[in-house]
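Just one chain is shown here, as structure tokens, and it is the form predicted alone.
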């Protein structure tokens, strides 16, 4: 099994943290991992994205031109990275900042109002954790029972006081994705 992810947004949205989480989770499960962060000159407000590959076998190159899973946290990232999602892949869109659905018919696409969900969960800074939960539910890429441990590694043991809020936000994202998929399947069955 080999899964390739591209996560993109503005600096400060937690895009690189989501990617780092995936990398630590992959390593925690004994997989081979490649993590390639990229960000503009400005740390906050500039562009930020990362590539993450998780595989059972050696990874020949950390660079990916057509990832199977793409997460976009803002509209410019949607415009730039929607075309690179591999046919049959998954596109997760933060509909709080990207105000349209995908135009592609050959991929699974999910619009997730991360900021609204984070606000409802009482953790306004948790948009990336909402998206991370949705990503984990959509892909099943890692064992979610180890989420807390992977978060501690991601944040290098810092911000432990925020872990209950992070975990709650991840759960909200997972539940949103689960309900989203059930509604989609039900509407297809009735069509």
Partner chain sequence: MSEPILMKGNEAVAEAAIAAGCRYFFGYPITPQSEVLEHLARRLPEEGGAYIQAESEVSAINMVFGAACAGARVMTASSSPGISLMQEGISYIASAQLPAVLVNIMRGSPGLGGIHPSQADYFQSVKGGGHGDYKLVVLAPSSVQELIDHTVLAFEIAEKYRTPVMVFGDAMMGQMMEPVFLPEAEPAPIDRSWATTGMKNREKPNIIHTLYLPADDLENHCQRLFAKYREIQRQEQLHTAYLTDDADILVVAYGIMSRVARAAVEMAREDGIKAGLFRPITLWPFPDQALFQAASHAQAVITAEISMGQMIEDVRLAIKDKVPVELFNRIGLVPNPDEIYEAIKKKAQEVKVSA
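These numbers were taken from a predicted model, which means no experiment stands behind them. Basically, rigid core = biggest C-alpha set you can superpose within 1.5 Å across the two forms. Numbering follows the first chain given and starts at 1.
Beyond what is shown, the protein has a form predicted in complex with its partner chain; the following relates to that form.
- When contacts are defined as a non-hydrogen atom within 4.5 Å, all of 24, 33 and 65 contact its partner chain in the model of the complex.
- Of the candidate stretches 54-62, 139-147, 162-170, 126-134, only 54-62 has residues with heavy atoms within 4.5 Å of its partner chain in the model of the complex.
- Using a 4.5 Å cutoff between non-hydrogen atoms, residue 20 counts as a contact of its partner chain in the model of the complex.
- Once you line up the core between this form and the one not shown, the Cα of residue 139 stays within less than 2 Å of where it was.
- Once both forms are overlaid on the rigid core, the distance between the two CA positions of residue 55 between this form and the one not shown is under 2 angstroms.
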